[in-house]
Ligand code: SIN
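Presented as structure tokens, the chain that follows is alone, the form predicted on its own.
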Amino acid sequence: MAVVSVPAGMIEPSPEQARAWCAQLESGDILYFPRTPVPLPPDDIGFLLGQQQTDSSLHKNIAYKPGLDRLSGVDTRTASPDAVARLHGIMRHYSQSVVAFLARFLSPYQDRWQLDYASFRPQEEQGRDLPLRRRNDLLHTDAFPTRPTHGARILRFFSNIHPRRSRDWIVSDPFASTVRQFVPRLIAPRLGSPFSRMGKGAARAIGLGSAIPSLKRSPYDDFMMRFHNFLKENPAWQAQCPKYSFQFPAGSSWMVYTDTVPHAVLAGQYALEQTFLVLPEAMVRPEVSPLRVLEEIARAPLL
């Protein structure tokens, strides 16, 4: 994996270059924009810099749900109705701007993604007191406990809006190499496991014990959620795995498939983010997706 800097002159790529950008993302690279291609008005940034949740344990982030045009996670004990309304408008504008940019920049994905949440992250990341499974400073691959993807990939676009400080990340080797350290014997199906029925036998076959996938969560999603937790709860792996450090400066943006690249945020404050669930049929390199990697190991379908 690598951090690939996108020159300012290449933010309107040809169809061939757009496909190449998609392939690099899918393989585990991070695309980095030294100056964000979706700038906010200075007044809006100034407003966001003045926002601070008084209780960092109340909500991890402030979320904007584009499909519902709804804001959640705001500490209403300190935010006035006018401030909430303005924050809502800024988040809507940011979400729409990122969608418009990526529809051009990653044109093979256009209309083949599901728009997920945007978020505003006003808290200082260094030293945050959060429960272990919610900590950002532990390496993990992303999975959503209440929003299964059913094989769609989790693509996230980030913007560091702090006026001076970098946002400091570490990442590790991509999913395909990381997952094979732990799971081949757990994922391999038992002889005769009824994967076509996706019942209790299939759940056991991919290492989920007696767990039965919920009506909304496929065996793939169950595994990805458990793998997220497993990595965070594995101090030996956290200490010994390969680590690569990156500092994303003030005013920059970057994007990455966070279900593929184990990542952690060590320091930084004031960031914006928009998440996309990119459908399997949009993939330029489907063979490197977590779904295909797991199905190859299992020799069975997981959806």
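Quantities reported herein were computed from a predicted structural model and do not represent experimental measurements. Note that residue numbering follows the sequence shown and begins at 1.
Form predicted together with the named molecule: not shown, discussed below.
Though the named molecule is absent from this view, in the predicted complex it lies within 4.5 Å of a heavy atom of just one residue from Arg226, Arg112, His93, Arg156, which is Arg156. Only one of the listed residues (Asn136, Ser97, Ser166, Ser107) places a non-hydrogen atom within 4.5 angstroms of the named molecule in the predicted complex, and that residue is Asn136.
Using a 4.5 angstroms threshold between heavy atoms, Arg217 stays clear of the named molecule in the predicted complex. The named molecule is not drawn, but in the predicted complex it has a heavy atom within 4.5 Å of Val265.
With a 4.5 Å cutoff on heavy atoms, Asp116 does not count as touching the named molecule in the predicted complex; it lies far away. For the chain shown alone, Asp222 is not a contact residue for the named molecule in the predicted complex, no non-hydrogen atom being within 4.5 angstroms. Stretch 139 to 147 is the answer when you ask which of 85 to 93, 171 to 179, 139 to 147, 99 to 107 has residues with heavy atoms within 4.5 Å of the named molecule in the predicted complex.
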